[in-house]
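Just one chain follows, in the form predicted alone, and it is written as structure tokens.
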């Protein structure tokens, strides 16, 4: 980076919040993906005014800027592949306002999802999107990736709760949206920013819709002797007009990994469905009975619980799939390659069957799990990361997996975003996306090289040596 640019940065930010030591730079080169690259400098802003000044300096000198929250992104969104500035937004972590009577709150981007829910639960409300990384991920990151999670089937994704945003573009700071629940007043730029992965601007404040907490929850655990049958069970539940608050699937690879790593004691089966229902106590009881009836011919066993401790244990096992998969085999670890595709709900059995065929074809292990209720499947490829041939086989398998998803009418990502790892299979009109990018970021400083701009293979900037 140019010396003059650094001099100007030191004039607007306290040097204690500017990091240039190589150990710091190395640590900030990671997110939760397979990728790594070193930034030139890391800055931890404390206000939107600081962010605006930094971005204007970066724009003047053509320096890449990558905004970062907790670093839980799985596709390389927070990896600075062209160096430049990392903006660590976790210092902007204030819950500014809570307006229960108006169903909204105003927060800074560094607020942790779990902390926000802890704050509004006191009033009997919650922020419904429920990512697996909710204990650590930040609101800014959730908006940037349009994160959701297991309760999206009933409550939707982050985009459905964004009422307004304060955004720093290269040309300056602006506000879009409102504090009202309805808005038909012109272009909704705040919605455009959701899922933009920091490639257009940086979110410095968010106005979010909140919802009342349900009175009761219960979970049914259904075991199946094949993962395809479990997929058929999902389609049957939805086809009967049932909308659970969560409907999760785990195959035998995931079940064995969780039991081995966490000792949860999940049933020994080829596949499991975890089906959560919520609402009034009478509604919950009625829903569980209906779901049990629907699955009686598909499932080999169904049991349910409304005990808080038991439900917490079950969800702990489900959320523990990702780290547990690296304990499945002695020399294999879980890598986030084809991990977040979304297909129409009725196509889930076809997708799972195809994934199994592809894994067998290339001699690799694929664990399948995810938010089956909304068609959002996660597949983790297990390979030896030090074996070059394993990477080559995995890359070919991933290509076939995404092509199969597209053939089924699906898309490359349901909630994790695109970044680098899914760029070759991005859906939509790339030319139009590039025009929007150029209009808002003419010098291409905002997280360059990601999404539609990444034109190379996915086995790049690997964190594995």
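Between two forms, the rigid core is defined as the largest C-alpha subset superposing within 1.5 Å. Here the structure is a predicted model, which is why all the values come from computation and not from measurement. Numbering follows the first chain given and starts at 1.
Below, we turn to the form predicted in complex with a further copy of the same chain, even though it does not appear here.
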> Taking the partner as it appears in the model of the complex, which of 24-32, 404-412, 37-45, 55-63 has residues with heavy atoms within 4.5 Å of a further copy of the same chain?
Replying inline: 404-412
> Should the three residues 133, 336 and 355 be counted as contacting a further copy of the same chain in the model of the complex, with contact defined as a heavy atom within 4.5 Å for each?
Replying inline: no
>> Within 4.5 Å, heavy atoms only: does residue 70 come near a further copy of the same chain in the model of the complex?
In response: no
>> in the model of the complex, is there a heavy atom of a further copy of the same chain that lies within 4.5 Å of any heavy atom of residue 269, even though the partner is absent here?
In response: no
>> Quick check on residue 146: any heavy atom within 4.5 Å of a further copy of the same chain in the model of the complex?
In response: yes
> With the partner left out of view, is residue 344 within 4.5 angstroms of a further copy of the same chain in the model of the complex by any non-hydrogen atom?
Replying inline: yes
> Between the options 394, 112, 152, 314, which residue brings a heavy atom to within 4.5 Å of a further copy of the same chain in the model of the complex?
Replying inline: 152
>> Exactly one residue in 350, 217, 175, 260 has a non-hydrogen atom within 4.5 Å of a further copy of the same chain in the model of the complex; which is it?
In response: 175
> Within 423-453, which residues have a heavy atom closer than or equal to 4.5 Å from a further copy of the same chain in the model of the complex?
Replying inline: 426, 427, 428, 429, 431, 432, 433, 435, 436, 437, 439, 440, 451
> Is residue 24 one of the residues whose C-alpha moves 2 Å or more between this form and the one not shown after the core fit?
Replying inline: no
> Does superposing the core leave residue 451 with a CA shift of 2 Å or more between this form and the one not shown?
Replying inline: yes
>> What direction does the residue 452-residue 375 Cα distance move in the model of the complex compared with the shown chain, closer or farther, given a change of 3 Å or more?
In response: farther
>> Comparing against this form, do residue 402 and residue 452 have their CA atoms pulled together or pushed apart in the model of the complex? The difference is 3 Å or more.
In response: farther
